[in-house]
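Here you get one chain, nothing else, as C-alpha cells; it is the form predicted alone.
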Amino acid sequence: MTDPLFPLLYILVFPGFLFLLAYALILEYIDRWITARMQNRVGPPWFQPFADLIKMLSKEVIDPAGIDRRLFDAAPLVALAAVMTAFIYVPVIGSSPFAFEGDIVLVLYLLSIPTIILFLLGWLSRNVYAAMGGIRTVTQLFIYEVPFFLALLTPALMAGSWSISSIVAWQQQHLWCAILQPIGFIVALIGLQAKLERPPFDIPEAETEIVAGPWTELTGRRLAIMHLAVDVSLVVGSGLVAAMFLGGPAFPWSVEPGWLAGLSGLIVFLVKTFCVLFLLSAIKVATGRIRIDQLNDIGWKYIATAALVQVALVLAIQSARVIP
C-alpha cells in the first residue's frame, strides 16, 4: 500500500515545489551563463538569480494610481501557482503518480495562464507602455499558441495517448519523437521560445520601444513573483519538451532497483532539460527582436504550416502502420 505521505512529499518537496523553485533559479543562472559565454562575456556569479530574487522581494511595492491593489497582489501568485501545478504532471524521476489520460491538455492550459496574467496586469495598470505591452502579449499569444499546441500534440497522436507519462513510456519502447517528428520538435522549441517571450520574441517588453511593456508598473514582491513564474515556466516548458520529444527521464531499458531507477531518471531529466535550455539560449543569442507584424507573417505562414505538415505526416504514419 502506498504511503499516504508520498503524494504530499511529491508535491511539496521532491520532485515538487521546493525542487522546482531551486531548479528554476539554477536554470536561470545557466541560461545567463551560456548567453554570456556565447557573447564572450564573463557572466554573473552562481548566486546572482537568488540574490536578485531576495532583493526584489525586499523592495517597496508601489501602487499605480487607480489600480485594484488586491488584484495586482493576487495576479502574480496565480501565475506562479499555475505553472507550479503544471509541473506535477511532468515526469521527473519516472511516471508522475498524478498522471491521467488528458493531462497534456491541462498542462498546456496552465502554461498559458502567466501570459494572460501579464496581459491583464499591463491593461489594468493605467500606463500606456504597459497597456501596449499587454496588447502585444495577447497578440503574440494567438500567433504562436496554435502551432505550439499542434507540435506538442503530435507525439500524443503517435503514442495513442493524451498522458505525458504514457507518451514517455511509448518512446521507451520505440524511438524518441524528436527522431520520428523532427519538424514538430523544431516547432515546439520555437513555440516555447515565444511563450517565454525570449528573443527574438521579446516583442511585448521591448525595452528600447516601450520601457518594459506589461512589466513596467510591477515593483517589489509582485515583480519578484512574476520573474519567478517565468523562471519556473522555463523549467516546466523544458521538461515538457524533453518528455514529449526526448523520452523524458526514461532509459531505453529498465533499471533496477527502484531507487537507482529514480536517481538515473533524475540525472537523465537534468541532462535533457539542459540540452533544451542550450538550444533556447542559442536561439536567443543568435537572433534579434522581430516586429509583431513580422511574427504574424512568420507564425501563420511558416510555423503553423510546418506544424500542420507534421500532424499530416503522423496521421499518414499511423494509417500506414509503419510503427506498431
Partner chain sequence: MAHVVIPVGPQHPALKEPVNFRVVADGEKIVRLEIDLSYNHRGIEKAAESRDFIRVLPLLERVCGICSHSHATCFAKGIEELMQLEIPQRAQYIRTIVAELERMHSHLLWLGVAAHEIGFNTLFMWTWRDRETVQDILEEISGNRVNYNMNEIGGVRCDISPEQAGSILKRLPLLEERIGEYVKMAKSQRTMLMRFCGVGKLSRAEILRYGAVGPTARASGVDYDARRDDPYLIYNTIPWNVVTDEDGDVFGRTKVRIGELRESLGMVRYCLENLPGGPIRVQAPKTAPSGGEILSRYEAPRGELVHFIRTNGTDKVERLDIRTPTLANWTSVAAALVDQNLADIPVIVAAIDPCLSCTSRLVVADRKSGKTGNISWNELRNGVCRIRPGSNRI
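Residue numbers count along the first chain shown, from 1. On a predicted model such as this, the values are computed, not experimentally measured, just so you know.
The same protein also has a form predicted in complex with its partner chain, omitted here; what follows describes it.
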Considering only heavy atoms, tell me if I54 and its partner chain come within 4.5 Å of each other in the predicted complex.
no
Would K59 sit within 4.5 Å of its partner chain in the predicted complex, counting heavy atoms only?
no
Do R32 and its partner chain come within 4.5 Å of each other in the predicted complex, heavy atoms counted?
no
Is L260 part of the interface with its partner chain in the predicted complex - any heavy atom within 4.5 Å?
no
Only one of 143-151, 204-212, 218-226, 234-242 has heavy atoms within 4.5 Å of its partner chain in the predicted complex; I'd like to know which.
204-212
Just to confirm, with a 4.5 Å cut-off on non-hydrogen atoms, which of P76, G94, P200, G134 contacts its partner chain in the predicted complex?
P200
Quick one: which residues from 267-290 get a non-hydrogen atom within 4.5 Å of its partner chain in the predicted complex?
V285, A286, T287, G288, R289, I290
